[in-house]
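Take a look at this single chain in structure tokens; it is the form predicted on its own.
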Amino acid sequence: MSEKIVISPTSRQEGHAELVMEVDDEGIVTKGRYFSITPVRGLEKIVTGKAPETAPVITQRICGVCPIPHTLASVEAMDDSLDIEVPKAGRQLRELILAAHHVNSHAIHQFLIAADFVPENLMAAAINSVSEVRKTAQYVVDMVGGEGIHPSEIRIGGMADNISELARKKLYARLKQLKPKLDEHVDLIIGLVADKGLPEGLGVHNQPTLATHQIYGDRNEFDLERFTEIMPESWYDDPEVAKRACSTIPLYDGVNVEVGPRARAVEYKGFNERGVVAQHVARALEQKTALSRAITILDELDTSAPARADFDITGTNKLGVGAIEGPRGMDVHMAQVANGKTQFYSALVPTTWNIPTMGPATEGFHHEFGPHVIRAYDPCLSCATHVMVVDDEDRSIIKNEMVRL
């Protein structure tokens, strides 16, 4: 006889979501459904009809956890729509900011999962390690982006300014000093995850991975012709879940996919491990990759070179695409500019891709492990909200339609 276990909201994540698990007599999950219950805010609608420069400023506020990927995806979409060739220094500085953000954001997630993996006698050391890593990584974002949360220096056409040679040398020295500490931190995290002794195969699924770049992002690796987006009632077989879900279901080649650090490791590093442990290992190892890339950029950067292109803001109504590999996965923003105004805007964010994959990944194991599976993806729900449900007093649906975030 099956029973339904509902966790609402799921914990230690950004935003609100539910995990609904059908379990058998032994408590084993036979059907897992994960979905957002975070209300829509309409940010994509807000930028429509306004000057293109408005979009990065507004959409970076989709989320306070991942503002860097949204800012970059927005300016990349605008660059594409306006046919702008960003100067090399501008591209390098953008990539530098994102690389530092990867290190910082992954460390935040490691703090959130500390209660799952860190024994009490090591908790203080683990938290101190997270804090030290974050402090340096966020310093880079502050210095290059102008602000750590809502970076003002990232602009359509590149960056507002190049950094000074003194700043380059200072950042380079700070990151070189961080490297041995980060190596120790990554070893600590991977060791603690291994020591937890999670069931073998927990969180394994058979869905394909999707990524466009090892660290930054490449719009040419995202094929719009292979992408479709459907409503939740076309996906969930539970009417109550379908009625309450607040995100659409994005498909690539007609199937749901996994995005994020493990997906990038699979696509670009030959990483073959799967499941919850693999998620945490791939995320930790990516911190080292991101730091190494940041150091390389600072070593190569010409601080006397221009960082922003001149351009005509009028636009020709071309659909521009910005594909950025945020910490949680591929973040795609799409924009059309004509007559100096944004005519269309849409954001397809990392957790939206992962939502239909996360629920089924809980299946086959005891429901107590369900939250472990969900947290392994570091979900961010406010970004993912695209559906508005309007019901009457008896909760019968009056209107259920896709809206632009």
Partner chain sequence: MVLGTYKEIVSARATDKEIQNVSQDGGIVTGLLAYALDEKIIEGAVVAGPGEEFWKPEPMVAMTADEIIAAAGTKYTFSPNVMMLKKAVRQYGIEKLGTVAIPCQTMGIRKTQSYPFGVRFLADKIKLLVGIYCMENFPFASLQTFISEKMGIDPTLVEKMDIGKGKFWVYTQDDVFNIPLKETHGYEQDGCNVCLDYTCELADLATGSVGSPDGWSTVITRTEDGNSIFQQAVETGVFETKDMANVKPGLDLLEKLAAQKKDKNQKTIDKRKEMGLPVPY
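Numbering follows the first chain given and starts at 1. As the structure is a prediction and not an experimental result, all values here were calculated from the model.
Absent from the display: the form predicted together with its partner chain. The rest refers to it.
In plain terms, the part of the chain that comes close to its partner chain in the model of the complex, with a heavy atom within 4.5 Å, is 144-152 out of 323-331, 192-200, 226-234, 144-152.
Screening N162, Q279, Q110, S247 for any heavy atom within 4.5 Å of its partner chain in the model of the complex leaves a single hit, N162. Distance criterion of 4.5 Å from any heavy atom to its partner chain in the model of the complex singles out K170 from the list K176, K181, K288, K170. Although the partner is absent here, L166 is a contact residue: one of its heavy atoms lies within 4.5 angstroms of its partner chain in the model of the complex. None of the heavy atoms of F117 is located within 4.5 Å of its partner chain in the model of the complex. Under a 4.5 angstroms non-hydrogen atom cutoff, its partner chain in the model of the complex lacks Y252 among its neighbouring residues. In the model of the complex, none of the heavy atoms of F311 sits within 4.5 Å of a heavy atom of its partner chain.
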